[in-house]
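Here we start with a single chain on its own, the form predicted on its own, put down as structure tokens.
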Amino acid sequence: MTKIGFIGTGKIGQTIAFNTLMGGYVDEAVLYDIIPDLPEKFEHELRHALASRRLKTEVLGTNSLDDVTSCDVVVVTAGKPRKPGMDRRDLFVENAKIIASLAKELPKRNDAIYVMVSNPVDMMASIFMKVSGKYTISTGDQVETMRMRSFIAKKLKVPVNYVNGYVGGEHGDDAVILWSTVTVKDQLVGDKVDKEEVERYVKSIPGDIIKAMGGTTWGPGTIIEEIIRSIVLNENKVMSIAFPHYFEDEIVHISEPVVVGRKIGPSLESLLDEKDRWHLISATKDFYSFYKESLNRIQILA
């Protein structure tokens, strides 16, 4: 029996929940949101869709956090979304308070693996784990990884399944393509693509989509479902998610290729070339510096 809690039923929360439940591998799902009536009506929508697919998943929509109990996986999308022109880090103070509050309550009723989606996603994962003491991952750079693969496939006019490779570091503008992992038909991509063009695309396309569509939903919603599925079904896929790293006096969440199943690991960081490993170290230091500065602006443990 697999039970998943979805904390937040906004656009991205709805998309992730829909994709997950349509996979047919979840026995129970709880949909929580603070907005009155929203999770209950979303429950009905999902029940209609499940009936069409002949799936017997049981669903509960609720405005009470007390109903989120005994979950194996808890997916957190709660918080304010990124708006046009806004950096993910701009959301830190407002969303950190929300995430810290959830981190104090959810573990009381759930011995789960926590999957953070709320932005700035890596820092929110660190906040949640700092407050709760529970193992937390961030969806990290798996979204950037798929954006990178799709763009290279389009430029080279090859099927996207011919392209492999990963993006690492911190999710967002500071993400870095780990070029030593990028292959096309199992051959290093080399000079087949303009690397600067690929990097620009990976970093600029989210903002372009937000301006035109109001948010990035369909891509991340599908990609994040794959992370959930790999955990629940113990698929042990290699993905670029952010998992806990111990750095100086804090736990920080940085993405690198890692095996994702019921347990997270081992990491493939040792297989990267020296330049890519340097980028990950640099990303960790930068993350830590901003994270510590931001922690001083709030009282998350109060």
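Only a predicted model underlies this, so the values are computations on that prediction, with no experimental measurement involved. Each residue number is its position in the shown sequence, starting from 1.
The discussion below concerns the form predicted in complex with another copy of the chain, not included here.
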**Complete:** The stretch from 120-128, 95-103, 192-200, 221-229 that lies within 4.5 Å of another copy of the chain in the predicted bound form, judged by heavy atoms, is 221-229
**Item:** Listed residue that, although another copy of the chain is not shown, lies within 4.5 Å of it in the predicted bound form (heavy atoms), from 248, 66, 27, 273
**Value:** 27
**Prompt:** Given that the partner is absent here, does residue 72 sit within 4.5 Å of another copy of the chain in the predicted bound form, heavy atoms only?
**Reply:** yes
**Asked** Contact between residue 18 and another copy of the chain in the predicted bound form at 4.5 Å, heavy atoms?
**Response** yes
**Request:** May I ask you to state whether residue 243 is within 4.5 Å of another copy of the chain in the predicted bound form, using heavy atom distances?
**Result:** no
**Prompt:** Even though another copy of the chain is not shown here, does residue 34 get within 4.5 Å of it in the predicted bound form, heavy atoms only?
**Reply:** no
**Prompt:** Hey, with another copy of the chain in the predicted bound form, do 147, 154 and 208 all fall inside the 4.5 Å heavy atom range?
**Reply:** yes
**Request:** At a 4.5 angstroms cut-off on non-hydrogen atoms, which residues of 237-254 are near another copy of the chain in the predicted bound form? List them in order.
**Result:** 237, 238
